[in-house]
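Below you will find one chain, with nothing else, as structure tokens; this is the form predicted on its own, and questions on how it binds or moves follow later.
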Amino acid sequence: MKKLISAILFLLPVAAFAAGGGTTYPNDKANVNYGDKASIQNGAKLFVNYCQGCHSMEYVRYSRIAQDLDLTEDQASALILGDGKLGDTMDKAMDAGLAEKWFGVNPLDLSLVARVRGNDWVYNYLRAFYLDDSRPYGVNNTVFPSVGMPHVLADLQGLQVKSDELVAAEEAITSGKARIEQLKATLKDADASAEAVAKAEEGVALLEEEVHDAELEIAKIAREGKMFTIVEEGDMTPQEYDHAVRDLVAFMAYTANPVKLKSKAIGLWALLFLLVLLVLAYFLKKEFWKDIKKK
């Protein structure tokens, strides 16, 4: 339980992307289809091949996955790492002690990450890695700035950099905010003349408008899919990669709430039961009122 609580606290939203004022980019919808078991099955394969080396899912058993996703025993066994058994939980391949020694932290369990962060956040995060020489693993992320994780899906997506349009908009925001702070210092200066204060107030208003326009420009760039430029192609096209990430998110969404696969079917049966009960209640009401009217 302590591990679960720690994971949830760690995964709470962190500092937002500076240009978004709380909104991170890209900001696309994951559109996870819980009824598409083929998608979730492919996501399970991707998780095992690319994520489970470092991250576990301690609250998910292979047997439950096989049952929910209609996998045969052989298909489910193909997902199991090492000499694990069908009834085992999805433990990571990496030793926790060695992981903490190598990375300074034991990579977190991802059983509930889709529920804590949300499907859309995870989907955009896995698509938002870009080259950054200042980071330990050579990559950064616009959804999770200064991320400490390497881009494990780089061989599928390829390598990308921020587009010139995005860099220009970000620089406009950074320089604009710096100049605003300088002018605000003038406003706080008790010795400043009335003319200097007036000019500072006018300057702040103009710069805030410029910053706002740059933020809108970033949102537009994100909507048009122009945030990044591929500099080294991966095994997949951008469209194929987005589809693969959607499958991976679908699997993580399933593990965060396995009952959701059956909840819709249960809901339909519940509605059907209530409909039949309504019909019976209606005829029962007529029978009662018939006796009352006679009296």
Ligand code: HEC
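All residue numbers are counted from 1 along the displayed sequence. All of these numbers come straight from a predicted model, not from anything done at the bench.
There is another form of the same protein, the form predicted together with heme C; it is not shown, and what comes next is about it.
Although the partner is absent from this view, Leu248 contacts heme C in the predicted complex, with a non-hydrogen atom inside 4.5 angstroms. Residue contact check for Gly225: none of its heavy atoms lie within 4.5 Å of heme C in the predicted complex. Although the partner is absent here, Tyr50 is a contact residue: one of its heavy atoms lies within 4.5 angstroms of heme C in the predicted complex.
At a distance threshold of 4.5 angstroms between non-hydrogen atoms, Val113 is in contact with heme C in the predicted complex. The three marked residues, Tyr130, Val143 and Leu159, fail to reach heme C in the predicted complex, with no heavy atom of any inside 4.5 Å. In summary, the region of this chain contacting heme C in the predicted complex, judged by heavy atoms within 4.5 Å and restricted to 229 to 237, 263 to 271, 51 to 59, 32 to 40, corresponds to 51 to 59.
Of the residues Leu108, Ala200, Ala172, Leu207, just one reaches heme C in the predicted complex with a heavy atom at 4.5 Å or closer; this is Leu108.
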